[in-house]
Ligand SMILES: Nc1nc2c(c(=O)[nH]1)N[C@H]1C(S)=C(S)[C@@H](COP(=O)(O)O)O[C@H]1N2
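Just the one chain here, laid out as structure tokens, in the form predicted on its own.
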């Protein structure tokens, strides 16, 4: 399952391009006892426009946010994780950008500039977690194939853009539309590799919180997080959050490409999803959709009198965090943590918990989040072949010195 560790004392104490080779800086990561932990000795590496992130692969670039950046509710742009399936990353000037909106189920195809999107559609802003479907994959035991992410294949940002529904309304949706598909400017280096095209069911595409975003935390989107325009699908995993989106197609039949029909699918019975994707379900396998309820302990500290405080974050698919419970005795008893500011139902929710350790030595603190839909984190990760939706209790090891 993986755990983090803190040592404390009980004594009171006060333009189109492929990424080139990049320099590296070393550090250690908070984890032990897992495939991910054994891989965590990799160096941190600074990408253009980014702070040092944990490198999983260089080409395509896949880089993880270190735990320390989750101590703030909003993840800094320069520390936000990077996830790509293809190695050819475009560099698009905002003034040259064009978005095509096409499809047989449209009354009038559109071509829009970034300036038109900014000037001709109402701006919308919301805070939402962008989380890779395989976040924490490296913590599964036994190991599963795929990128061995730890806790940092995610980030929380304030997104600003326009509603996808408003753009589709201008194009004039006709009856018969089933899904909305999205293509982007990044590409595979080898001819014949499947283009990364994803689709959304019509209802999710038309949801008022689904955005075409051009800003992140008050600044233009970083190059490696989708500049100049990306899809934001709050509550759903990042496989649908297409970066560098340049083409939207309205489909009257379900998308059938590799990244829909073959990838990002899991056993239907494994997860009781509230938001499903019926037109893409087949047999016993269903697409990954909503983010599972989860929590993360981000640090601990000693307080006067020998008391301990742990801090963390909790999040889910947008149903809303109801509570976070913490156990300092291996799950035999649980106490409710104090929830912090609420930046919106799709955001990280901070929390803190204080208690008095009863003895010195190694101790383990567990966190467990529950949402308003009645979903709760599980004690053990739910096994599935691709290592998706790891949402077991977070276990944080503390060495209490006398």
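Numbering follows the first chain given and starts at 1. The model shown is predicted, which means the values in this text are computed figures rather than measured ones.
The same protein also exists as the form predicted in complex with the ligand; that form is not shown, yet it is the one meant from here on.
J.: So the ligand isn't shown here. In the predicted complex, which residue out of 75, 279, 300, 225 has a non-hydrogen atom within 4.5 Å of it?
T.: By the 4.5 Å heavy-atom cutoff, the listed residue in contact is 225.
J.: By the heavy atom within 4.5 Å rule, which residue out of 265, 244, 204, 311 makes contact with the ligand in the predicted complex?
T.: If I apply the 4.5 Å criterion carefully, the residue I get is 244.
J.: Is every one of 232, 289 and 316 within 4.5 Å of the ligand in the predicted complex, counting heavy atoms?
T.: None of them does, since no heavy atom lies within 4.5 Å of the partner.
J.: Quick check for you: of 300 to 308, 103 to 111, 327 to 335, 236 to 244, which stretch puts a non-hydrogen atom within 4.5 Å of the ligand in the predicted complex?
T.: Going through the listed ranges, the match is 236 to 244.
J.: Though only this chain appears here, would residue 186 touch the ligand in the predicted complex if you measure heavy atom gaps against 4.5 Å?
T.: Yes, residue 186 sits close enough to the ligand in the predicted complex that at least one of its heavy atoms falls within 4.5 Å.
J.: Taking heavy atoms only, is residue 323 within 4.5 angstroms of the ligand in the predicted complex?
T.: Judged by the heavy-atom cut-off of 4.5 Å, residue 323 is well away from the ligand in the predicted complex.
J.: Within a 4.5 Å heavy atom cut-off, is residue 82 in contact with the ligand in the predicted complex?
T.: Yes - in the predicted complex, heavy atoms of residue 82 and the ligand come within 4.5 Å of each other.
J.: Report yes if any heavy atom of residue 132 sits within 4.5 Å of a heavy atom of the ligand in the predicted complex; otherwise report no.
T.: Close contact exists here: in the predicted complex, residue 132 approaches the ligand to within 4.5 Å, heavy atoms only.
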